[in-house]
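Shown next as structure tokens: one chain only, the form predicted alone.
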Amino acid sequence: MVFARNQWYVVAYGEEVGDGLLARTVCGEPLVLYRTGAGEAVALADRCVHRRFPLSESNRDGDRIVCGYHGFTYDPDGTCVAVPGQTRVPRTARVPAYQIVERDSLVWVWIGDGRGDAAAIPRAPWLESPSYTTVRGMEPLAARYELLVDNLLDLSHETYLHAGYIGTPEVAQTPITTETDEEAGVVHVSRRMKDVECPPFYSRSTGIDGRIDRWQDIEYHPPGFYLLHSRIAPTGVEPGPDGDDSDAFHVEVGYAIVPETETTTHDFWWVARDFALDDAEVSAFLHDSNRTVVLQDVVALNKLEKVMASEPAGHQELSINIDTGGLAARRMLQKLTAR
């Protein structure tokens, strides 16, 4: 597998990048992140140019990093400004500096050549909207990131892997519709469930006591950004003629699917809601429940990675209707990695 380069990837939540030196690998490239005194996020290659010592295990001197091995000192742009035992700094003494954009409380890094177009970064405005309350986290995955893409594009697995949390029989029984916007580079997968069981994840958080109409609308922005627009309402509560949907509950679930290495992944996840905004118990419940769901996926996908590693290349899978979205996502990823 090769990574899709010349792409934007989420590298951290904004609050993760501070005065300390944060190590994170994206697409096999080790990075060190920190925030300058002016509040600007910085990402440099996490290797001293001298003997490859990790800069993330070194020290800050103001906005500079001083290598913890021999003292090579770097500006935020990667330029080496001091070397030990001599006044002359070699002209080639610098480490790569990566382009960073902060948007919607996410820190994005450009992995590729030149400078990326910040306008191409997909948005998740709920993360900073005062009309929503968000819980979030990140779990390490010992599996290739494509397995998580497959998992999230086919939500029928909720019925079996996440029963008792978000899964009910109707999820797997309800057909999906899939549309691919080649020009925008987005895969859309939708499922409409009417008069169905309300899973605990939503009954306990919304207080709905009874059957519901449940909508799932997925946007997948390759290579690694996933949005699930989830609408939950008591059965029969429909949007008004003018589109007003204020009688429904809305949950915006998102994932940043970030390849760390060829067989490991950073699994960033969040849940944003437009109800019970100040209810700490609801926040704690949704955080703990969603983390449990994420960890159920992690366990399953880690097993799949071991299975795939044990099989010869070219093993044939059987795909069915529910895989339409996942297969469309695979085709887009193949195009990106082939460039």
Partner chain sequence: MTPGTNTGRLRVEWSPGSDRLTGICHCGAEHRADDPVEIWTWLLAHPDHDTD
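Residue numbers count along the first chain shown, from 1. Remember, predicted model here, so these are calculated numbers, not experimental data.
What follows is about the form predicted in complex with the partner chain, which we do not show.
Asker: Would you kindly say which of Thr73, Thr180, Asn151, Thr134 lies with a heavy atom within 4.5 Å of the partner chain in the predicted complex?
Answerer: It is Thr180.
Asker: Heavy atom within 4.5 Å of the partner chain in the predicted complex: which of Pro175, Gly210, Gly114, Pro125 fits that? Just give me the one.
Answerer: Exactly one residue meets the criterion: Pro175.
Asker: Within 4.5 Å, heavy atoms only, one stretch in 180 to 188, 196 to 204, 115 to 123, 250 to 258 touches the partner chain in the predicted complex. Which?
Answerer: Stretch 180 to 188 is the one.
Asker: Just to confirm, Leu327 within 4.5 Å of the partner chain in the predicted complex by heavy atoms?
Answerer: Because a heavy atom of Leu327 falls inside 4.5 Å of the partner chain in the predicted complex, the answer is yes.
Asker: Report yes if any heavy atom of Ile322 sits within 4.5 Å of a heavy atom of the partner chain in the predicted complex; otherwise report no.
Answerer: Contact check for Ile322: yes, within 4.5 Å of the partner chain in the predicted complex.
Asker: For the stretch 192 to 210, return the residues whose heavy atoms include at least one within 4.5 Å of the partner chain in the predicted complex, in the order they occur.
Answerer: Not one residue comes within 4.5 Å of the partner.
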